[in-house]
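Encoded as structure tokens, the following chain is the form predicted alone, with no partner shown.
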């Protein structure tokens, strides 16, 4: 388990399980978990060893609003402590509010990237996205 001592692993697991409100279900078989609970467990697993980089694919899919808020807080704290979070999302509001750098990819090709401010210049990210994608066609 990434050379994390058992006591630390257990403490971190308990901390995140409590934050995501799945403590009571930790002893259950994973096959009984809902999609959202599996998503929470995957996120917790990614965080246990305190990586420097998080790579997440659509991390908010399946999460209830409270869990999505919790994940956003965790990601902000993670980055504030020197980590970096790289994640994909189709939820443009999340990208705009959470990210300081954004890249738009269309059909596997990088179309544009930069800081949120560089890309939006005060406009909504949604309008910028739609404009960029229409130019890329």
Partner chain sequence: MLSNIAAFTKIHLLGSLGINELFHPSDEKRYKRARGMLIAYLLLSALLVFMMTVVSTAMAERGMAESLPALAAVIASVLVFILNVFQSGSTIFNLKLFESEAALPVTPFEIVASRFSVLYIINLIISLMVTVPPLIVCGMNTGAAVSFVLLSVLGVLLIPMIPLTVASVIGALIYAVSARMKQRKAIGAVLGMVLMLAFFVIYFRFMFSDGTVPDKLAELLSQNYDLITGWYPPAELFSAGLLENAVSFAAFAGISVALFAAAVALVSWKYLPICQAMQTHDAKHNYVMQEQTAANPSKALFKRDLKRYFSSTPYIMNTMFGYILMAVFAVAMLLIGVESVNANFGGLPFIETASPFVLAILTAMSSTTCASISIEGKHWWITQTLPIPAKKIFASKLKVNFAVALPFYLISVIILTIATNPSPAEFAILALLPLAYIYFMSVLGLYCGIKRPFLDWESETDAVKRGSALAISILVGTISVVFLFILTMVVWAVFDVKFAVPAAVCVIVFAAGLIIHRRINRCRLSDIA
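Numbering follows the first chain given and starts at 1. Treat the numbers as computed from the prediction; the structure is a model and nothing was measured.
The next section is about a form of this same protein that is not shown, the form predicted in complex with the partner chain.
K.L.:
Are any of the heavy atoms in residue 23 no more than 4.5 Å from a heavy atom of the partner chain in the model of the complex?
P.N.:
Yes - in the model of the complex, heavy atoms of residue 23 and the partner chain come within 4.5 Å of each other.
K.L.:
Using the partner position in the model of the complex, report whether residue 31 sits within 4.5 Å of the partner chain, counting heavy atoms only.
P.N.:
Result yes; residue 31 sits at the interface with the partner chain in the model of the complex.
K.L.:
Just checking whether residue 10 would be counted as a contact of the partner chain in the model of the complex - the rule being heavy atoms within 4.5 angstroms.
P.N.:
Residue 10 belongs to the contact set for the partner chain.
K.L.:
When the contact criterion is heavy atoms within 4.5 Å, does residue 135 count as touching the partner chain in the model of the complex?
P.N.:
No, residue 135 is distant from the partner.
K.L.:
Heavy atoms within 4.5 Å of the partner chain in the model of the complex: which stretch among 87-95, 23-31, 69-77, 53-61?
P.N.:
Careful reading of the contacts points to 23-31.
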